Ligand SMILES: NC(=O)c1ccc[n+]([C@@H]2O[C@H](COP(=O)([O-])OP(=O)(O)OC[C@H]3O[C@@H](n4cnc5c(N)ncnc54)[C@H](O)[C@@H]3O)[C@@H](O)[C@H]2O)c1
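Next up is one chain by itself, shown in structure tokens, the form predicted alone.
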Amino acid sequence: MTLPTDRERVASRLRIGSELLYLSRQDVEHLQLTRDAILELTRQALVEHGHRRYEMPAKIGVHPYDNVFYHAMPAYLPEPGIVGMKWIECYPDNPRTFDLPQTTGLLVLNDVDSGVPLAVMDSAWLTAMRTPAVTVLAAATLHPDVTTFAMFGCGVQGIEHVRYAALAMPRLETIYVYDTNEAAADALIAKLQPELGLRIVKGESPEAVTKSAQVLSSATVILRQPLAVVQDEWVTAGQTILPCDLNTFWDPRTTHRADKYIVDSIEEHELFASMGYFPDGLPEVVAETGEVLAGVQPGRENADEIIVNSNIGMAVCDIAVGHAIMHHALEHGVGVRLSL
């Protein structure tokens, strides 16, 4: 029996070229694509990227304010036949000023054969899910025996990083969390401690947290000038550091002296460096995250290596997860059909 192609599956539920599927934030969230599924979809996308089976220009953007960005993120994955683009913006002051989310955006998916739009969906939930998936997949590969994990930033990204860490790191025993807003850290612990059954500890200070964990991640603000909250002298041999906030949170001296500096996309990091986000210069990159996951390049080669792995988000992961969300929605009759 011949299985239907991806296009045939879509065409059986959507009039391709005559209509598209619109999925609101509530639609996307209520579809309940599992974290296990998102981890696997993200892993597959990263492996494709590691084998150079993709087309994805560095994300271009505009910056109306100093702490604000809009990014256009197109990508194409030939093997699964997925093409699309995420248009995302980040306004850190939104929650306080307008009672709106910090990050909003849309993802558009197209039919590879004809180019017509297939779906438009809210991308906030998708972004919140795939970002920590990349972090923990890399962490589990670079530090497979990890028992202690630290998360700086206890907002939406911080919460999901802790959830995904518990899922992807089987030997994990203790998670340390820190936020300048103590209430956010308290809320994270109250929410996740009963859910995960792991020991979650609120850190007393960035220094104490840094000195307590083998693997550390940060999801704070993204600024051109480093804040260097975590000082270089606090970082010791054998630690794995996975920033989601470029060069903002960590002392640039650490990234420059690390035994390995790995990034999700060299091209995108070079673009950010050209925009002034690495005023001390971009450290020498030894590999991309997908290459390590695909086994194309080595990860950790000895226990004493300091490894910094900067992941700022790639559209190949967005379209892979979005594609699965679209199929899930079509199968369950979720969303609104809009005429083209």
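Predicted model only: the values in this text are computed from it and were never measured. One rule holds for the numbers: they count along the sequence shown, beginning at 1.
Beyond the structure shown, there is the form predicted in complex with the ligand, which is absent from this document and is the topic of what follows.
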Self-check item: Selected contact from 162, 216, 154, 136, since only one has a non-hydrogen atom within 4.5 angstroms of the ligand in the model of the complex
Solution: 154
Quiz item: Pick from 193, 236, 231, 180: which residue has any heavy atom within 4.5 angstroms of the ligand in the model of the complex?
Solution: 180
Quiz item: Does the ligand get within 4.5 angstroms of any non-hydrogen atom of residue 209 in the model of the complex?
Solution: no
Quiz item: Do residue 312 and the ligand come within 4.5 Å of each other in the model of the complex, heavy atoms counted?
Solution: yes
Quiz prompt | Interface membership of residue 187, the ligand in the model of the complex, 4.5 Å heavy atom rule | solution = no
Quiz item: Would residue 144 count as a contact of the ligand in the model of the complex, using a 4.5 angstroms cut-off between non-hydrogen atoms?
Solution: no
Practice problem: Quick one: find which of 164-172, 254-262, 216-224, 106-114 has residues within 4.5 Å of the ligand in the model of the complex by heavy atom distance. | Solution: 216-224
Exercise. Give, in sequence order, every residue of 42-74 that has a heavy atom within 4.5 Å of the ligand in the model of the complex, or say none if there are no such residues.
Key: none
